[in-house]
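Encoded as structure tokens, the following chain is the form predicted on its own, with no partner shown.
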């Protein structure tokens, strides 16, 4: 079976080719992202494999259907970039990787928290220049701090378990409550209460119409003055312009991002020799209390191996006429 990959990087082809040795699909790797102009590149391929910034809107879905595509295999957990209703209307099935390595994202979340708190990134640059002064590098003890987790799926729970080891008090807001989370020591509260009480707020919920710009001008005002906000979920959970204003006023004390709502034009590419045209993103980079990484939280060997394995299993189930359990 032919499978066409979009937005392919060298690490994608490496891990998928290794995994595919046990499946035997014919893999075709394209570097370009999927959009209305590139959908026509799919030929004689019933399966396309997409990543987070590939766009499968209604127009793209119809084009893929006309090209004979029957399955969209997402090699990620999020699916906000796929028009599921259009896919159903066109008879295209959609599968995803609901869990690959929750530890990779959870551990990166902690890396952002600790670096922002203890200003490790700034200290590193100072020491390289022979500056060993400690002024401006003051942090706080994690022990006893209140951390609010918005979204308590697998990643959120692993994050909670790690934070528990630091001695943090844990709050959570999620539409579904479960006993396992309570046993960890998590206190379920409303979103308003979580924002009011938390010293650190970490976003782990999916991007849906209901969570779009969940962090906005109004919800930022509900936070403690000087609170830390971390987002390793999806960029559009945050209204970036509102966050900038909150940073300028001092209401928001720290911001750690691994995702950005306009990242599709930036992340996963080397733009070091170009002039970045996104003025909002460049404004974020001017704040000393902001730390941004380029959507790398998932990027571990363990996670990439798991992503390739689950994706190939999803495609195999489709080829055999069965259901993988990961369909949307």
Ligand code: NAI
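What you see is a predicted model, and the numbers here were worked out from it, not measured in a lab. Positions refer to the first chain, counted from 1.
Same protein, other form: the form predicted in complex with the named molecule, not shown, and the subject of what follows.
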Worksheet item: Just one of 194-202, 243-251, 149-157, 222-230 has heavy atoms within 4.5 Å of the named molecule in the predicted bound form; which?
Response: 149-157
Practice prompt. Could you work out which of 259, 47, 42, 60 is the residue within 4.5 angstroms of the named molecule in the predicted bound form, going by heavy atoms?
Written response: 259
Worksheet item: in the predicted bound form, which of the listed residues (161, 117, 211, 81) lies with a heavy atom within 4.5 Å of the named molecule?
Response: 211
Worksheet entry | Contact flag, residue 176 vs the named molecule in the predicted bound form, heavy atom cut 4.5 Å | yes
Practice prompt. May I ask you to check whether residue 95 falls inside a 4.5 Å heavy atom distance of the named molecule in the predicted bound form?
Written response: no
Fill in: Contact flag, residue 71 vs the named molecule in the predicted bound form, heavy atom cut 4.5 Å
no
Discussion item. Residue-level question: is residue 171 within 4.5 Å of the named molecule in the predicted bound form, judged on heavy atoms?
Written reply: no
Item to complete: For the heavy atom contacts within 4.5 Å of the named molecule in the predicted bound form, list the residues of 279-299 involved, in sequence order.
Response: 295, 297, 298
